[in-house]
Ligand SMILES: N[C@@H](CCC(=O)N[C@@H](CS)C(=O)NCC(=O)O)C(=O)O
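Before any questions on how it binds or moves, here is one chain, the form predicted on its own, in structure tokens.
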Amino acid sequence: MTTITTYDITTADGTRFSPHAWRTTMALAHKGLSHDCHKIGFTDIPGICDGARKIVPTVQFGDDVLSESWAIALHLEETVPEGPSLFGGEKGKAHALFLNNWAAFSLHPLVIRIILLDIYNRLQDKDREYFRTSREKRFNMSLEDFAAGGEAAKGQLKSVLTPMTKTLETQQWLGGRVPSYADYIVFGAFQWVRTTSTFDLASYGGEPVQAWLDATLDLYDGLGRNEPAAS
């Protein structure tokens, strides 16, 4: 069997928090694949694998190295037929792609304004300067000025989460009767918040979202729940 190694960013206390890496962690568990997880900092990324990596998740499948969670999910679906499908066919893949884009362009931009300083304060010391410099360049303002928009972001969260809430009022999973990669995409955002901040994201989606989050945290012998929540 091919050895699988993942590389995952952690806080100073070793907690894995990357939303995209959590998608991959859940996808591997869904496929029944064990892997070795190497915990790293942002500043360690240039030294992993072939030295050409810039993001996590980065996964090494034997001699093959992949980065970017969507590409990894497609690779798993295509190369590991002996396990539950991540998508349940082409229509499911199209459904998951929509949620991938919804998370990237609707949910994550609000969440990052709310938890940015929590993330920064929990980082390894060696990563803080890099994180501040890179994010201030990306946002074209200081971390503090960017995070000042957190209250406004909270005001938009309920409406952004409403489609998720309404969906989960009539089905247990975003994937339908069983969890799918669509669930793991969105779970990544909730786990991002849960592991770095005390902000209660699920409360903005109401009981259906909270029930879904609890059920997802319990999947695969409590894989998500075993990662400590921020306190």
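Residues carry their position along the shown sequence, with the first being 1. Values in this document were obtained by computation on a predicted structure and should not be read as measured data.
Although not depicted, the form predicted in complex with this ligand is the subject of the following passage.
- Looking at this ligand in the predicted complex, residues W102, K158 and E169 place no heavy atom within 4.5 Å of it.
- In the predicted complex, at least one heavy atom of V56 sits within 4.5 Å of this ligand.
- For the chain shown alone, R135 is a contact residue for this ligand in the predicted complex, at least one non-hydrogen atom being within 4.5 angstroms.
- Contact between S18 and this ligand in the predicted complex is found at the 4.5 Å heavy atom cutoff.
- A29 falls outside the set of residues with a heavy atom inside 4.5 Å of this ligand in the predicted complex.
- Heavy atoms within 4.5 Å of this ligand in the predicted complex are found in one stretch of 197 to 205, 29 to 37, 171 to 179, 61 to 69, which is 61 to 69.
- For the options Y120, Y130, F146, F87, the residue carrying a heavy atom within 4.5 angstroms of this ligand in the predicted complex is Y130.
- For the stretch 33 to 51, the set of residues having any non-hydrogen atom within 4.5 angstroms of this ligand in the predicted complex comprises F42, I45, in sequence order.
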